[in-house]
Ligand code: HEC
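In structure tokens, the next block holds one chain alone, the form predicted on its own.
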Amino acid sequence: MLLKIVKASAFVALAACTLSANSFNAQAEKDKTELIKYFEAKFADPEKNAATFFPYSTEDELKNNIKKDIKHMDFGIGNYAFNRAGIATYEEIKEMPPYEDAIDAGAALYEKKFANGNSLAICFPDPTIGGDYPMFDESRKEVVSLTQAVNECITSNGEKKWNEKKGDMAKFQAFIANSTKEAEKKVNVKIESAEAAAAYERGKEFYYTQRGYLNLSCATCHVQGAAQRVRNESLSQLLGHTTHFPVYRLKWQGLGTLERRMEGCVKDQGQNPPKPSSKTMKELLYFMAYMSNGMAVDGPDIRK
């Protein structure tokens, strides 16, 4: 079912030209609906659906560790949505999360004056916009990520751009994500033109295309392989992937952006990852974010 999505990609760019102004997101909506159905069916009863968890999940694990009857909005917390063993540790850490200082630091960066007297607040007067990115800029005819928008604000005010994967960028994005969460806003990525629809399709094609010396795709692990165990880790699902960034990873011992995580994930597939602000990376994140449309923004968060 989901593999058919990929095969249709080559035709969407042409088809988008004939769509009405209100229908440019029609294919994306179909994709999201199918994805939700797929995951809800997969987790309806893991024991009965054992074949979809093959080959690494044992009978005991399917019965006692993987939850069943998980619904759409529950998937926003990654593999903790279904992992009984992991959720206990997750909730324990969340009682005193290691990213709280980063949120405060991000708030300070928001107000900090540049040499010219301006601040990031002039570019982002409403900090509750975490769910709106990546967005398609119709005037520029390209996807713009939050990371890119922040650095463009900084450099346009005569300052040196930030590291795109960690440091001040991750701290500021933690403030933006937390502000969005406190405002109870949701992921709201829009596709309002043929060019935006084509960018979405290119991101989707990258996500589902097998490449690299391991011949893997993002979907191999996070669609077909969701909840399968690789060593001691259960693979998370595409649905809800972008809702909780930036994240504090125990592996990093620090906070990182979505671009940082995706770069590492693509490397794990045996591929050379696209650069954080490259067209390929931004369109990949655009597709991923659309698959989380309507889900609550819940960042920053913790992952292993």
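Here the structure is a predicted model, which is why all the values come from computation and not from measurement. Note that residue numbering follows the sequence shown and begins at 1.
The same protein also exists as the form predicted together with the named molecule; that form is not shown, yet it is the one meant from here on.
Given that the partner is absent here, does C218 sit within 4.5 Å of the named molecule in the model of the complex, heavy atoms only?
Close contact exists here: in the model of the complex, C218 approaches the named molecule to within 4.5 Å, heavy atoms only.
Given that the partner is absent here, does P134 sit within 4.5 Å of the named molecule in the model of the complex, heavy atoms only?
P134: no, not in contact with the named molecule in the model of the complex.
Verify the contact flag for A44: yes if a non-hydrogen atom of it lies within 4.5 Å of a non-hydrogen atom of the named molecule in the model of the complex, no if not.
Close contact is absent here: in the model of the complex, A44 is far from the named molecule, nothing within 4.5 Å, heavy atoms only.
If you check in the model of the complex, is Q148 within 4.5 Å of the named molecule, heavy atoms only?
Contact with the named molecule, no.
Using a 4.5 Å heavy atom cut-off, which stretch among 62-70, 45-53, 29-37, 266-274 contacts the named molecule in the model of the complex?
The contacting stretch here is 266-274.
Looking at the named molecule in the model of the complex, is some heavy atom of each of K166, F175 and S179 within 4.5 Å of it?
Looking in the model of the complex, the three residues K166, F175 and S179 all stay beyond 4.5 Å of the named molecule (heavy atoms).
Would you give me the residues of 241-274 that have any heavy atom within 4.5 Å of the named molecule in the model of the complex, in order from first to last?
Contacts from 241-274: H241, H244, F245, L258, R261, M262, C265, V266, Q269.
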